[in-house]
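Have a look below at one chain only, the form predicted on its own, in structure tokens format.
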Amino acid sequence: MELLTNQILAGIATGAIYACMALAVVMIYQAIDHLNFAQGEMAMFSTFMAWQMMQWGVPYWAAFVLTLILSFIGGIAIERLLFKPLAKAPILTNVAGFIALFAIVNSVAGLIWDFTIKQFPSPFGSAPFLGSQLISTHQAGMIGVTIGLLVLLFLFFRFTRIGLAMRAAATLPESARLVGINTSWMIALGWGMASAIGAIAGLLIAPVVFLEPNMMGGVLIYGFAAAVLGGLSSPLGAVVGGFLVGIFENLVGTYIPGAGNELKLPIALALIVIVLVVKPSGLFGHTVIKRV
């Protein structure tokens, strides 16, 4: 029973990272109706920027805030320069743009900071949480940040004018334009927010997996799995999906013979396929009906 409890708590802590990445994926998907395959590389690059600032002597939380600001601006710049011209292009053209962005960001990060593994500090420490050996302070911090981020997003999209405008632009862009909402800039803001949320995921996972240009590859797959499981139209579903994928991954690796770390990634991919077959809209998503 203690082993089961340990694995569930560890899965929740790991799932917090997947939930952050899934939130970023959902933000982009709601803005442009496409999955951003470079989301993990953008988060990795943001984490490297924070690491570089700390190497220059900037305190952790100051580097954290500056990284979020720079990531937000960077997300908007990428949308304006690369994907706005592709807004009416075929889907495969957008996919090619995402793949190109993935390769460019990964290569530039390796060129600037090289591909050696670097240690990244944790703002929460690694001591047992409240004296318990079941979960560390860093794991508890990851869970708290993810839940707090979800609450802030809920409040933003429910009670602010910009949040309501972004929801309108994502769900009914034609009607939103008719009432004076600049849907183009709402999409850009969605990119900026997704980039900042992805940066949070990178900053939280770097102390666990260490910092290097390929650190977010597997995390992005799990983020996709979490977003698909919870529903690509639901931020709440993304968070719940992240926690479920983290728990599922840990339990499978512990209790199924032969399913060690080598099979965790294929299991996440299998989970994506199963959800798409059984319930394409996800656990919390809704089916979109379009009149043609």
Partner chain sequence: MTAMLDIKDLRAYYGQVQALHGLEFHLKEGSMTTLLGANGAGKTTTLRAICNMVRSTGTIEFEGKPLSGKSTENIVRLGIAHVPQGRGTFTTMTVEENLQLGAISRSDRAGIADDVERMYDHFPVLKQRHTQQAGTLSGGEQQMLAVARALMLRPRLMLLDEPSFGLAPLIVRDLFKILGKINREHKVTILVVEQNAQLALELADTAYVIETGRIVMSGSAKDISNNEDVRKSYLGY
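Keep in mind it's a predicted model, so treat the numbers as computed, not measured. Residue numbers count along the first chain shown, from 1.
Unshown form predicted in complex with the partner chain; subsequent notes refer to it.
- Highlighted residues 205, 211 and 214: none comes within 4.5 Å of the partner chain in the predicted bound form, counting any heavy atom.
- Just one listed stretch, out of 164-172, 113-121, 195-203, 70-78, contacts the partner chain in the predicted bound form at the 4.5 Å heavy atom level, and that stretch is 164-172.
- The partner is absent here; in the predicted bound form, the one residue of 189, 145, 153, 181 having a heavy atom within 4.5 Å of the partner chain is 181.
- Only one of the listed residues (176, 219, 149, 109) places a non-hydrogen atom within 4.5 angstroms of the partner chain in the predicted bound form, and that residue is 176.
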